[in-house]
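Next up: a single chain in structure tokens, the form predicted alone.
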């Protein structure tokens, strides 16, 4: 779709430079789990971007000094060289050379850091790959002036981010983002995400997401491996049908401000995601004992108070506690007394629906 052999630079005219983006993670409400082809989703998904859980990526570039035709890259994560990450990024950038041919003409140093624990199920790939995609599109625009229009810029960035991490396609936008073709949303696509703001009740833009750290340990099974295990999951086809039904129901709840329906669907999606992991071959469990204790404590609190506070889970053990701003004092008291004692080292991230990526 975006292959362009014309994007070749005259390196003699290029001065060394730097581009930097901060990009958020996102929380999928209707989950994407199962893919085909080149990072294409088996079902549509919708998420909101977070405000504080983000990745900062600094891309330094200079004209290539040697004759090597490959990708020349140094990579630092939290100011330390990281060879496994560097190898992954080299493989990704090599796949991007038909879209950005100038990548072979430059040497790069990438410095990246997260504001949250890596690989604990807070969609670190979503924030990191979206930040990198935004840097690459900014680099193209700096050299060629091809992406001045914000809509075109973000669509291409979402397309590129998807090729690195499917969920990263949704992190390009503020508020809510929808990825995956569905007949109920005009302009939706499997190739890139689109912003979804126009039919969301204002109450949802006030939502908080307290990320309660049940475990900071690296996941036993990566999301990439988890998606692959959907190939032979006997519940897969029913799941894809359910996801489409949930999408229709959730969009209706978002439009009407129906908090109860929102919470019911969101919690169902979280539990189904982990049920699919447990019914994979081989099966695996990413929830920890603290995860279940937090869910039970929340259900008890909601039953007693009737407050609209709900949970979600990503592909990891950590609870995302979701609630509107108008009940924040009551929920804060509950979190402090009941949930923080269940968190690893008492850690949690107080987050909320965010304002999207930021060029640094």
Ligand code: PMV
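Numbering follows the first chain given and starts at 1. No experiment lies behind these values; they were computed from the predicted model shown.
Omitted here: the form predicted together with the named molecule. The next part is about that form.
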Residue stretch of 292 to 300, 329 to 337, 52 to 60, 311 to 319 approaching the named molecule in the predicted bound form, non-hydrogen atom distance within 4.5 Å: 311 to 319
Touches the named molecule in the predicted bound form: residue 165 (any heavy atom, 4.5 Å): yes
The named molecule contact in the predicted bound form: residue 72, any heavy atom under 4.5 Å: no
Partner contact for residue 273 in the predicted bound form: the named molecule, 4.5 angstroms, heavy atom: yes
Exercise: residue 48 in contact with the named molecule in the predicted bound form, heavy atom 4.5 Å: no
In the predicted bound form, the one of 266, 112, 125, 155 near the named molecule [non-hydrogen atom within 4.5 angstroms]: 125
Contacting member of 288, 227, 216, 104, with respect to the named molecule in the predicted bound form [4.5 Å, heavy atom]: 227
